[in-house]
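What follows is a single chain, given as structure tokens, in the form predicted on its own.
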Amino acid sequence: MRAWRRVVAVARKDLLLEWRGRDALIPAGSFGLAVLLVLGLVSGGGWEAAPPALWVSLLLAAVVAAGRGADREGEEGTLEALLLYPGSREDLFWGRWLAVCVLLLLLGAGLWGVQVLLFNAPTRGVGVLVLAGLLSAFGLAAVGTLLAALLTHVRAGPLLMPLLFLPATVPVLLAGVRLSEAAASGAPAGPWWGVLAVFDLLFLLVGPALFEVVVEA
């Protein structure tokens, strides 16, 4: 089987499990929505607070989604079964990464719609937001996939996931907020596109190699 077919097969398996159980998307979306509502109440609902509220809620929702992936692997033992199949371990990384990307993009689209209604945020610059969301999802999914594999058999995995995930993804939070503010105001984006690009390149290059080491340990 070719590498891309293995990647698609792993991603399809993860997405089918999520579709049947919805044990990652619903908890993550509910948590992200709760965070967005709380931040909206605290800030008074002004549109200036919309970008930080959106990205903080998305980042916290991503923690829940990635953490649920680690819990599922530990409960069902599917990682050990997948390791028995022939092929590169990196294909498993890319398949899981693709599935997590899809979940994060769905979460981001839903939270953005709620943010527009809650904060009366301007909808101009949607193209910038879409591109920023794609780049952010690529990097966040890489970090989440790697940490989920690392914490699969760790007893304190659910506790360690946010402690490791959130500090590692601070550049995505800062870049996302600044790019959203620039899109809303029409101001220059500055170096923040470069920050997202470097973050993605780092974890998409290092992530597969580290994933192979982690799963073989």
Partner chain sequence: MRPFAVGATAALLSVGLFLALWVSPPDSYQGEYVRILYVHVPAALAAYGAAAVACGASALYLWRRDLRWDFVGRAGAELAALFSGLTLLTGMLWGKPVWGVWWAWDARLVTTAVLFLLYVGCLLVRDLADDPERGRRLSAAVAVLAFLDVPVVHYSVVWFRTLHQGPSISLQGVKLAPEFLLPLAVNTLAYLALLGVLLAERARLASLEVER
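Predicted, not measured: the structure shown is a model, and the values here were computed from it. Residue numbers count along the first chain shown, from 1.
Here the subject shifts to the form predicted together with the partner chain, a form of this protein not shown in this document.
If you check the partner chain in the model of the complex, you find no heavy atom from any of 102, 111 and 187 within 4.5 Å. Proximity of residue 201 to the partner chain in the model of the complex: non-hydrogen atoms within 4.5 Å are absent; the residue sits far from the partner.
None of the heavy atoms of residue 135 is located within 4.5 Å of the partner chain in the model of the complex. Proximity of residue 27 to the partner chain in the model of the complex falls outside the 4.5 Å heavy atom cutoff.
When the partner chain is considered in the model of the complex, residue 178 lines it closely, a heavy atom lying within 4.5 Å. Proximity to the partner chain in the model of the complex, taken as a non-hydrogen atom within 4.5 angstroms, holds for one residue of 182, 60, 33, 164, which is 164. Contact residues in stretch 48 to 62 (any heavy atom within 4.5 Å of the partner chain, taken in the model of the complex) are absent; none meets the cut-off.
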